[in-house]
Ligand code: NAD
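Presented as structure tokens, the chain that follows is alone, the form predicted on its own.
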Amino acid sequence: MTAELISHEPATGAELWRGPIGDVDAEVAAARGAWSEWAAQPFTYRAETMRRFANAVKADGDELADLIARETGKPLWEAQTEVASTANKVDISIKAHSERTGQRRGEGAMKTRTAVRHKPHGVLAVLGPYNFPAHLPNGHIVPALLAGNTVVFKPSEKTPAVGEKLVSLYRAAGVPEGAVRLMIGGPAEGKALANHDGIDGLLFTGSARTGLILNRAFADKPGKILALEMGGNNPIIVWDTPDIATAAVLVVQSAFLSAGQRCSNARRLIVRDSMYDALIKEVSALAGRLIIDHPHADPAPFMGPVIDNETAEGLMESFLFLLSNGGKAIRHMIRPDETKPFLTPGIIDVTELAERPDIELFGPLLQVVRVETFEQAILEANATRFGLSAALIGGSPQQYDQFWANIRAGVVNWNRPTNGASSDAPFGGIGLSGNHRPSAYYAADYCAFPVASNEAESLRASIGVGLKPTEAEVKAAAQE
């Protein structure tokens, strides 16, 4: 009997999708077989195919958004923004490919010419996350296809239905069946794909724990590209602003958007001691007003459930751990229904904790730390092995310059949420947040490799130093 993968709606527990687990060897072989023909197509052909894909996403946008909302639990309005981002990725990626990997020619010495061009790697594996099951893997797949690679895509085992739908849209746009292969499976299949000899690289978005495993697996494979976009223990500092209400909105957006299931969500609020009471009162009150409901509820919710019951249980345990080790609850995290993964926002003051766990708590849980000086705030913000996103709310231009210069993060914002990132810019981090291969606009960098050439149409060469004289030269010298 063929093993199956089953997906359930987080908000209701209802079965949404089921399908057979795929064959890694067969999917890699299919992608390998299609690569040479796809890579041989002109870039204009591949770009036009991707534009048809964008049109297919827009035409099927309502169905795709509904599926994303049901399978992730995120509100329908948020799923609709994900669909828009998925379609918009095409034009952005075409522009990035031309800018980041465009051809460059120059004149060399003695009528030679120089050139820099780019080649695709071959077959790239893409491992997608569950929180943005269309937009984030698509952010790897579109640049990879544009560059001339073929792709084996394994969606998260928690969101296979969206992965299947995404691949069907590539096919509807005319992407050959071999150029994008769908690999349904769980962690075992993901591991087998990552370690397969037939892939030329791996593009990953997910947890730091999995990213570290992948990094070790690729340590003795320098010929294979590895791009890691992992999580974050992201800080948001609030400093010297009279607009407490707006600061609170930015904090709540940073911490609780997508039920805290964005890698760029704020996990730690660092606030000046003199502002603490006023800010926390406002943040707590606003968090208490957030509507938490199923994706299609009316009125529309701000956030839905986390992805599954196991995740909800882990977050509740984390809240209780912080509480029992010296944390002071500002707003208790509550799970209204033990059979479903809905959680209310949790806010806890951890200033007095002797040791604060440096982990990514992937959900609606915000830790608060009080400090006295701006220098202490920056030190506290940098007290993490992660380095994805950071934001300063308030402060002077000089303090923002100080913050920007000293903070360890790949995304640094001022008076904007930590999760405010543009697709027209690179996105990625350092430390446990990534391996210096940012995605978004810079995805073009890891989907093709540069080739430098020195070229001449005719043979021309000489050695002017270090040669023994010929016999004729010796005789001529002797006769003189």
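The first residue of the shown sequence is 1; numbering continues from there. Note that the structure is predicted; figures quoted are calculated from it, not measured.
One more form of this protein exists, namely the form predicted in complex with ligand NAD; it is left out here, but the text below deals with it.
Against ligand NAD in the predicted bound form, the set Pro129, Gly186 and Thr210 is in full contact: each member has a heavy atom within 4.5 Å. Proximity of Lys191 to ligand NAD in the predicted bound form falls within the 4.5 Å heavy atom cutoff. Using a 4.5 Å cutoff between non-hydrogen atoms, Tyr170 does not count as a contact of ligand NAD in the predicted bound form.
Under a 4.5 angstroms non-hydrogen atom cutoff, ligand NAD in the predicted bound form has Ser156 among its neighbouring residues. Taking the partner from elsewhere, Phe427 is found to have a heavy atom lying within 4.5 Å of ligand NAD in the predicted bound form. Site annotation in the predicted bound form: the residue of Pro364, Gly231, Gly163, Pro295 reaching within 4.5 Å of ligand NAD with a heavy atom is Gly231. Shown without its partner, this chain lists Gly206, Gly387, Gly178, Pro120 as candidates; in the predicted bound form, only Gly206 has a non-hydrogen atom within 4.5 angstroms of ligand NAD.
Here the chain stands alone, but in the predicted bound form its contact with ligand NAD, taken as any heavy atom within 4.5 Å, falls in 210-218 among 366-374, 334-342, 347-355, 210-218. Residue Glu360 is the sole member of 342-360 found to place a heavy atom within 4.5 Å of ligand NAD in the predicted bound form.
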